[in-house]
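The chain below stands alone, shown as structure tokens; this is the form predicted on its own.
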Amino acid sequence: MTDSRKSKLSFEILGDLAVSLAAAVCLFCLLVFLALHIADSFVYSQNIEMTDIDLDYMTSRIFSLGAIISVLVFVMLFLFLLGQRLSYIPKIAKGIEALHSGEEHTVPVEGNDELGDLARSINYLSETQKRVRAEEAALQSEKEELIRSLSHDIRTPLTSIMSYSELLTSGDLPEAERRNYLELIRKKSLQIKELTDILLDGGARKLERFDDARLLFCQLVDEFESSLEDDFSIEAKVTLSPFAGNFDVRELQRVFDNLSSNIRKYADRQSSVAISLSLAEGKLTLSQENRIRADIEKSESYGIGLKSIKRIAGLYGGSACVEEEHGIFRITVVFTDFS
């Protein structure tokens, strides 16, 4: 950005030169005036008679000595002022070296000339480098978290496939039940493929528009019940009116899969599992509650799966709140940005 008040380094150096020259001229005049006055007083007090040649010689010597002293003062003063100005260069050079090596360093801004501009530019680049490094670290952390989350989420349908496969090979099954298990295996295989695609695409989302998203969530709740009904008593409550929204089905499936996975790992099979869905004031709320098994070790915890749910809820401008009280686990997931 151009600033009309900005001074140029060359003009500042010329200014230092002018100041040094003015000081030297003033000093020369003062020295010559004082020397001539002292010489006249001395000649007068001593009654010394001097010829015109002697006076000219004395005057020329005084002028010469004054000129020599003034020149020396001019050179020393100018070099001093120039040195003060150029002493800023090593600070800038240090900043450039730190910038080159990737270190964080701030150059003090002095003046409003080219050197000051250079210092400001170095500080801007240093701050930009710091910000870019922080963003890269955040992206790397997010990428690692995504990989951990997806790797965890892949285990849920994979476990289901293993369970259904064991059932198919355990003995004779009615044809209808056998086909049902095969269809479930196919669906879970497709889900693993989709999760793998997400992993390879770096977490790319595929939002779809649903004119009646209530049907989608009802289907997800039905699948949730079906996956757990053989081992748990499920109490489902869906109080949704038809509503429209943009959702990534795979993300929602991961939320429900993580809930069912945590239930299988930690829920008390003798107690019922409650799940509810409601929509009020533009907030879609999913709540799930279960009693925790008494034999759960302290080292065991709800970890990666819940982090995945929280991350997905955040993609919809919402949040996920986890509570544990008196052996009851409760999670409330809120979606706010889906219209």
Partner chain sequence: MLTSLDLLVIAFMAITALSLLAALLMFLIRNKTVRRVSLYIVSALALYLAAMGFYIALYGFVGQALIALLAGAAAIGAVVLDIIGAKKGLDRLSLASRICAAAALVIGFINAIS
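Positions refer to the first chain, counted from 1. What we label the rigid core is the largest C-alpha set whose atoms superpose within 1.5 Å from one form to the other. A quick note: this is a predicted structure, and the numbers were derived from the prediction, not measured.
This next part talks about the form predicted in complex with the partner chain, which is not shown.
Interface residue among 229, 222, 110, 135 relative to the partner chain in the predicted bound form, by the heavy atom within 4.5 Å criterion: 110. Out of the listed residues 17, 315, 23, 328, 23 is the one that sits within 4.5 Å of the partner chain in the predicted bound form by at least one heavy atom. Using a 4.5 Å heavy atom cutoff, 34, 42 and 77 all lie near the partner chain in the predicted bound form. Contact annotation: residue 140 falls outside 4.5 Å of the partner chain in the predicted bound form, judged by heavy atom distances.
Not displayed here, the partner chain is kept clear of residue 252 by more than 4.5 Å at the level of heavy atoms in the predicted bound form.
At the 4.5 Å threshold, heavy atoms of residue 61 reach the partner chain in the predicted bound form.
At the 4.5 Å threshold, heavy atoms of residue 274 stay clear of the partner chain in the predicted bound form, well away from it.
Comparing 178 to 186, 207 to 215, 158 to 166, 78 to 86 against the partner chain in the predicted bound form, the single stretch with non-hydrogen atoms within 4.5 angstroms of it is 78 to 86.
Remark: with the core as the superposition reference, the CA shift of residue 65 between the shown form and the other one reaches 2 Å or more. After superposing the rigid core, the Cα of residue 43 is displaced by 2 Å or more between the shown form and the other one.
Once both forms are fitted on their core, the CA shift for residue 26 between the shown form and the other one remains under 2 Å.
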